[in-house]
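What follows is one chain in structure tokens, specifically the form predicted alone.
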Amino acid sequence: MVLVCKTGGAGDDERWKSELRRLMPDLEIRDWPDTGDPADVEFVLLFASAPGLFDGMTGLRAVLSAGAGVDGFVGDLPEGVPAARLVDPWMQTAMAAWVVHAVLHFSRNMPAYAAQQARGVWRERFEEHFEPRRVGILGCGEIGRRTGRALADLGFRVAGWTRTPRDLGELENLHGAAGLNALLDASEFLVCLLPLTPETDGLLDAGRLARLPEGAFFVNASRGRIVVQKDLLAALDSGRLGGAWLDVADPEPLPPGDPLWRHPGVWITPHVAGVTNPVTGAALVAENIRRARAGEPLTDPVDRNRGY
């Protein structure tokens, strides 16, 4: 049983391999590009594809993602080979905590208090908002729903947007083009957790950002390309947006000279909101290896047509 490992960008390779070997002692792990005879390979664990990665893998049973997103390889999947996303509760909790931190940072006036601290000023700022503040979440898969529940528990009024109608439990669901406009119109805090697909690439452009209430805040923990970065910067420069907390950028790493680094209304983290944890992720990968060898459906399968 042979697995090719190419997890760069989604957890430490050595930790992935040690955890998988512990769980599956009979698993032979080969590092890309030293894959040996590609006809021997039954599984590929990866974060992003590479030219010729799947060439000659005639015995491939499944492709397994080492991260939450699959945009790095979904376009290169061999025909007829199933693929699975990594849906890890540990990662869901980590990303929800990151988003909650970002929303609370803005909602509790932390930028203003930081500026006061730098000047040695002790002054209470009046809390103007006595009604529940409104958060819109773009993308309500497992991570989006977990995040929405956490924010609702803290007293925020949360709505989630999806392409098609979905039951989001206690969270309001808006869907389709009309639902997207309605969500943008109402969101004092806009949280982006969408997968990157041809439909979401550049989704948040100047026109859509302009629909947000004056002074709204933007939080992005999905992919940098979903927002048109120059349009985001223009909205921040004009004061149309009150601030942004970004875990992702376009490109990554964000170049040192990019104006987002120095913008007073922007906080940046280097794609760490939901870092892959090989300890918890390996158990999920091992289960899908077992399923594929037994002829059972994979958990959390990738839908090629949707792109995630």
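Not measured: the values here are computed from a predicted model. Note that residue numbering begins at 1 and tracks the sequence as displayed.
From this point on, the text means the form predicted in complex with a small molecule, which you will not see here.
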**Report entry** Listed residue (Ala235, Ala83, Ala102, Leu194) with a non-hydrogen atom within 4.5 angstroms of the small molecule in the model of the complex
**Finding:** Leu194
Report summary line: None of Arg149, Arg166, Arg208, Arg133 but one has a heavy atom within 4.5 Å of the small molecule in the model of the complex; the exception is Arg166
Requested in this report: Using a 4.5 Å heavy atom cut-off, state whether Gly141 contacts the small molecule in the model of the complex.
Outcome: yes
**Report entry** Partner proximity in the model of the complex: Phe218 to the small molecule, non-hydrogen atom cutoff 4.5 Å
**Finding:** no
Query raised in the report: Taking heavy atoms and a 4.5 Å cut-off, does Met91 contact the small molecule in the model of the complex?
Result: yes
Query - Contact label in the model of the complex: Met95 to the small molecule, heavy atom within 4.5 Å - result: yes
Query raised in the report: Pick from 270-278, 33-41, 253-261, 57-65: which stretch has a heavy atom within 4.5 Å of the small molecule in the model of the complex?
Result: 270-278
